[in-house]
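Read the single chain below, which is given as structure tokens and is the form predicted alone.
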């Protein structure tokens, strides 16, 4: 409170130049602000799902990690894609190094990454008679005598908390000997056993699923899971899982509670899934296949993510739709149009294969929306969700463009219009935002992407002010982030994005949706320079961009208010942004201001057109710091919003904006 009083009382001392002036015309409404404007975008990158949002604690639980990339052949230590034409045709040579097919280095420290053996035993990967035909690998453990332990290091540590219960499942069969009991649990870095349970009666010669639970006796971020057979002979093991009992919304096969709660706190209007380049795959065979992510875990084959590791697909299509429901968000599913990623192999299919891909996309909509009398709606009901899921948007392709894409969009969109006319359809423009051919129809939204430096976002806060409203479709800024020269995501990045987002909001008659990307990263595996939410095995944190997104989403007005703006005299105009709006339900003017320089700035606020005096209890929320400061796992709240109450003095008052800040001002009004 003292800081706020000082800010208001000494406002005249801020800055050396003339104060800025914002005149708000309370009786003149601008564009209605899209209630769906602020959403989130999920892609399996930087261990966003496995080792992140998905609560599974064990790495390589099905021993499939070393399987080659789908659609490639293994030659020595490389996976090599087929030498097929690129979908961009003559541009092919620009997308493949030296005109060669895409390839990936294929080296592992062991045949079973994530696992190790402690004691007198041997182990190897087997494939004969697996637990499920789609789950081809399993582990055979041979023990001359009891005592050896199979260890799993998790995703850079198995994190456990004292008092939490952990649920384990595993499939096993006895290959040699009589079988017996198995002890399993968690051991700390100093060798202390933090929790364990003994599962008896592991004697079946056929595959059988076993379950067990144990509480943790301590808190440890770098613990390891152990499985210790109390027997001699040979034992086959597969699909070994370990989950905390407490997941987001307490769901089995659920999500990590702290990370999912950060999503909930963003109050996202929609959730885009599954990407991103993973939609297309490094090869067409490597594309995301939603049907392979349904059903019990042992029936999910998983697939290699083109960001460099294998996905379990435990966080599958059903779990995505469930998360949309849990967050109160609309679902946005991105479907493949028969094209692989242009920056990888870029191969494509046509004919009957393309028809199958189209039907696959339509089936995805049916799974979400179809009644129990439909094939895929019935499968959803069987999975425990008889009611439809909140699927609202279909994005047709990901960052695709060019003539072939235009043709395929037209074909897919016509089929969706006929089968599911209620769905909103989204067209891609590639990284250069290529407009659709004139003959392309059934476009509801055009997806534009911006990964730029801070000056771009500051300078483009007025990008849509004079954009054509006659194009026949609205805009979705589907991927954007300031990711150049801002460290791993500092305050300068967040403020530039906030200025840009205020421009999107001001033009909400045209720009209906936006989503920052990428959403997640594990601090131990960084595929992308700047991301929104970070974590390790035990803790999570939001970057300053997270809090900027949160502030704008949580303080989104219903309608813009007409206003005029004069920039404070001692700062470049591009580093200043301001936008007022009216929240009808809260009965307040919501004013958002960005000060993109490290000097305080004073701004005079004048409100005209109010029918009654403007006065009473208001609020001020500030996100401020040094431009180069970042949040990280050691200092997760170095930069976070501070909220204070204040008494609105009247129709005119002066605010002092803190250096390098995003400020939200709530002004009560009838």
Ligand code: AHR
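Only a predicted model underlies this, so the values are computations on that prediction, with no experimental measurement involved. Positions refer to the first chain, counted from 1.
The following text describes the form predicted together with the named molecule, which does not appear among the structures shown.
Undergrad: State the residue from 307, 156, 376, 416 whose non-hydrogen atoms include one within 4.5 Å of the named molecule in the model of the complex.
TA: Looking at 307, 156, 376, 416 one by one, just 307 meets the 4.5 Å heavy-atom criterion.
Undergrad: Which residue among 277, 335, 571, 551 has a heavy atom within 4.5 angstroms of the named molecule in the model of the complex?
TA: That would be 277.
Undergrad: Taking heavy atoms and a 4.5 Å cut-off, does residue 220 contact the named molecule in the model of the complex?
TA: Residue 220: no contact with the named molecule in the model of the complex.
Undergrad: If we define contact as a non-hydrogen atom of the residue within 4.5 angstroms of the partner, is residue 501 a contact of the named molecule in the model of the complex?
TA: Residue 501: no, not in contact with the named molecule in the model of the complex.
Undergrad: Looking at the partner-bound form in the model of the complex, is residue 207 within 4.5 Å of the named molecule by any heavy atom?
TA: The answer is no: residue 207 has no heavy atom within 4.5 Å of the named molecule.
Undergrad: Does residue 45 reach the named molecule in the model of the complex, with heavy atoms at most 4.5 Å apart?
TA: Yes, residue 45 lies within 4.5 Å of the named molecule in the model of the complex.
Undergrad: For the chain seen here without its partner, which of 624-632, 65-73, 37-45, 52-60 has a heavy atom within 4.5 Å of the named molecule in the model of the complex?
TA: Looking at the partner contacts, the answer comes out as 37-45.
Undergrad: Taking the named molecule in the model of the complex, which residues along 379-404 bring a heavy atom to within 4.5 Å of it?
TA: 398, 399, in sequence order.
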